[in-house]
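Heads up, the chain below is alone and in the form predicted on its own; it's given as structure tokens.
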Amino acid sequence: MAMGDTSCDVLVAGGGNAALCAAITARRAGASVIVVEGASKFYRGGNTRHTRNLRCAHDEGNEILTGPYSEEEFWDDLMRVTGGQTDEDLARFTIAESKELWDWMTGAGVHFQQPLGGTLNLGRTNAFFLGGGRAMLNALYAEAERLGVDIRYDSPVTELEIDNGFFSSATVAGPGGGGYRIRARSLVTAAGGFEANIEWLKEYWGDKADNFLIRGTANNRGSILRLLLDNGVEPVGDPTQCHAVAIDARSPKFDGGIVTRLDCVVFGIVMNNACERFYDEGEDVWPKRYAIWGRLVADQPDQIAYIVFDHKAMGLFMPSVYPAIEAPSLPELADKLDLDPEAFERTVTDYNAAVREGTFNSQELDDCHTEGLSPPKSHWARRIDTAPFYAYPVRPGITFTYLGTRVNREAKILMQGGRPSANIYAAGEIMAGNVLGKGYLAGIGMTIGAVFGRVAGKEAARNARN
């Protein structure tokens, strides 16, 4: 082989949760493993850096999880957010396997903390990482390095040699320029989606995509996904579906992360730049609805909207890294937002008149609702009448895309026609569309990545031995 060329049992493309779970599992099974991460060491880990928690089924609570969360309840929650648009076999498999994640993560050095408060309501269902996603990621990298996994940064894959579903080698661009080839007996693709590739997004969204903000890494441009699809891999998922939340419109174009998300929708109303409400802000508890708001805002004029609330809501939610826009009156608030003051005040007045206040409870579905208003507000409806008044401008914040690669229970990629690849596996966001046809359930992205990362690592190592 030429200078720089090398070989291994298992090559892992990607550097986040799914990739590390695969690398650690394969190495523990005795395989030699190389991880190629396109980002630098500082920016390693893709969207995992911005995560906070992991959803997992469990039969009883512990020192962190406040109670049991059965597989069937997990399944019911997934059905509510996807509307049944999921591969039931793979979804139920993911849920069943999630029961092992607590022990596996703690065994890899990951620590958990008490759940965060506010509108999340996740203390029973989700385990929060102590120190957040970056600390969790650091623990996995430390474990991989301890096991002898060869990790290479600034090393994007530029070419895959695949013949009739059989992977032979990958061409990698090294940090010093030029390229070299890595031959491997098995390939695990865990390199995320294409949400940072605005031109690709525009193929499905049109010019709307110019106003999208990308919550996660600028490195997720879908290069591995494109190489796979060009080599006959069977796609899965609607290319317009994605994990998209409403984030502060003042956020950077890329990599704003979790601190730009706004969790106050349920405590106010949301209007577009014509001062019109367009969806039920209190439809369900926030972890089951927050990931629809990015798409909702994307369909509004100029892809902009405004969350409006009053002093009563302050302190009930985790604020954005940016301060709320504040004013002593509604017309003055509208003026600060460059909205029509009359239309703005009329929308708030109509909403206030429709409110039927009951017993307000920020932690569960309460009986505070509207009557005779379209769209309605089903829960947490309180009049916006207590100064000062506040607003956050929001835009669609794309976390990851659902168009990906079809897989089976062994995490093996399927080729066109449904035939499994001989030695190519996928884990994480690049295959999440198998489980997430639409919608999102808080923490399930990490679940899918960890479950299929472990499966891909195990199966890739087994294939390499054979």
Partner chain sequence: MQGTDIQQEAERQITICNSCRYCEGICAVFPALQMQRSFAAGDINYLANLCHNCGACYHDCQFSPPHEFAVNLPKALAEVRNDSYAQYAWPRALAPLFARNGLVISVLTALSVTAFFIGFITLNAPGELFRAHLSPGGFYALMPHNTMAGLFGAVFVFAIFAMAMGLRNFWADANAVNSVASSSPSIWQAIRDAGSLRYLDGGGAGCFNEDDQPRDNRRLYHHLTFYGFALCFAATTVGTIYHYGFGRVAPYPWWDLPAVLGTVGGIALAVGTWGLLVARSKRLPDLVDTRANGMAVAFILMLFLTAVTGLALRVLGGTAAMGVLLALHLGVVFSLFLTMPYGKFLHGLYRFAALCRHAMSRRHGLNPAPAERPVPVAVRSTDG
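Rigid core (definition): largest C-alpha set, two forms, superposition within 1.5 Å. Not measured: the values here are computed from a predicted model. Positions refer to the first chain, counted from 1.
One more form of this protein exists, namely the form predicted together with its partner chain; it is left out here, but the text below deals with it.
Exactly one listed residue, out of Pro301, Pro175, Pro252, Gly148, brings a non-hydrogen atom to within 4.5 Å of its partner chain in the model of the complex: Pro252. A single residue from the set Ala218, Ala96, Ala274, Met318 has any heavy atom within 4.5 angstroms of its partner chain in the model of the complex; that residue is Met318. Interface membership of Thr399, defined by any non-hydrogen atom within 4.5 Å of its partner chain in the model of the complex, is ruled out. At the 4.5 Å threshold, heavy atoms of Thr51 reach its partner chain in the model of the complex.
A residue is said to contact a partner when one of its heavy atoms sits within 4.5 Å of a partner heavy atom; Ala353 fails this definition for its partner chain in the model of the complex, lying far away. Its partner chain in the model of the complex comes within 4.5 Å of no heavy atom belonging to Arg346. For its partner chain in the model of the complex, the listed stretch (302-310, 188-196, 383-391, 108-116) containing residues with heavy atoms inside 4.5 Å is 108-116. With the core held fixed, the Cα of Tyr390 is displaced between the shown form and the other one by 2 Å or more. Positional change of Glu97 between the shown form and the other one stays under 2 Å at the C-alpha, relative to the superposed core. After superposition on the rigid core, the Cα of Ala313 moves by 2 Å or more between the shown form and the other one.
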